[in-house]
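Single chain ahead, written as C-alpha cells, the form predicted alone.
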C-alpha cells in the first residue's frame, strides 16, 4: 500500500484534532467538530476548507485557448481574461472524463482545476489530445488551495488579501499575501459567497492562520470533506465518481448548459451531437423522501415495483432537515412530482422527483 500524501496544511488539521481519512491518495480531514456543525458554519458564518488535494494544470503558449477548448465541452472564447468557466471534459464516446473549472488568465495562459482523483488520468487525456503551440504543465504539487465560503466570507477575504468583495462570481484576480503573489477566484462548491485562494505551498500555513485569526469575530472555523459533501449536495452540484463518470454523459447529467454542440471541435462532440439528435434515455434528477429515512449511494430506485435506477448521492439535508438524493431515472419518470420509491436497506420508502437545487441561495 502506497503512503498517503499530505497537504501543506496537514499540521493545522492535526492541531485542530481533525479526523483524518484517506481520500484521493491524500490524508484529508473528514470532520473537525462534526459535519452538521461545520455545515451550519458555512451556511451561517464562514468556513475554511483545505482543498489542496485538487489538481492544477497549466497551459501556456499562443494556442493555449484553442488547446483548452479542444479538451472542454464549454467555450473559453465566450469569456474574457480574468474570468472562469465550469465545463466537462469528455472521452471520444461522449462520457465524462472529469468536470473542472477553467480559468482564463490571459490569451496565452490558462489554469485548469481538476478533481484530485482524476489528476493523472486528466493530464494523460490532455496530453493525448494536445495540439498547437502550447506547453502543458502539471503544477498540482506546487499549489495549495483554501476555500473560504459563507455569508461572512467576503469580509474575511477583504481583511486578509484585500479587494475581493466587489468581484462577481467566476472571476479570478492576482492578489498579494505576505509579499507573495496568490490567485483568488470567486468560485466554490457550496453555493455560498466567498471564493478559493490558490497559493504557493510556502505561504499556505501562514495564510490559513491569518484567515483563522482575523475571522475569529466572524465565526470562522475549519470544515472537512464530510460537510463539503452535504453542502454541495444541497446545491445539486455533481460529484465525480458518484453522479458523473465514464458511464454518463453531460446531456444525461443535466450539464447540457456547458456543452457547445453548435460549433467547435472538442473531444466527444460527435458522440454528443448524435445523442442529442436521438434523445437521452435517462436523466439525473433530484429526489426527496416523503417519509422518514435517509437515501444513500447505491440504494435502488423503483417505480411500480420495478427497479429503474439507483441513488448516486444522498443524505439528510442539515439545512432543511429533509432526506434528499440524486439519481438517474428513465426520461419518462423524470418530471417534477413523479412518485417513486427508494429501497433503504430493505425498507421501501416513498419519494418524489423535485426541482433542483434542493436549496435556493438567491
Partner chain sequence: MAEVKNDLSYTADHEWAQTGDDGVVTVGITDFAQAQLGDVVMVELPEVGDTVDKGDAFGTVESPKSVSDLYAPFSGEIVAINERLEDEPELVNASPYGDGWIVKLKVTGDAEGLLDADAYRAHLEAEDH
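Numbering follows the first chain given and starts at 1. The shown structure was predicted, so the numbers you read here are calculated from the model rather than taken from an experiment.
What comes next is about the form predicted in complex with its partner chain, which does not appear here.
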statement: in the predicted complex, the residue from 264, 151, 219, 226 with a non-hydrogen atom within 4.5 Å of its partner chain is 226
query: Just one of 315, 310, 334, 69 has a heavy atom within 4.5 Å of its partner chain in the predicted complex. Which one?
result: 315
query: For residue 131, is any heavy atom within 4.5 Å of its partner chain in the predicted complex, or not?
result: no
Contact label in the predicted complex: residue 34 to its partner chain, heavy atom within 4.5 Å: yes
message: When the contact criterion is heavy atoms within 4.5 Å, does residue 349 count as touching its partner chain in the predicted complex?
response: yes
task: Report whether the minimum heavy atom distance between residue 296 and its partner chain in the predicted complex is within 4.5 Å.
output: yes
message: At 4.5 Å between heavy atoms, only one of the stretches 286-294, 246-254, 73-81, 208-216 reaches its partner chain in the predicted complex; which one is it?
response: 286-294
message: Since the partner isn't included here, can you check whether its partner chain sits close to all of 43, 165 and 355 in the predicted complex (heavy atom within 4.5 Å for each)?
response: no
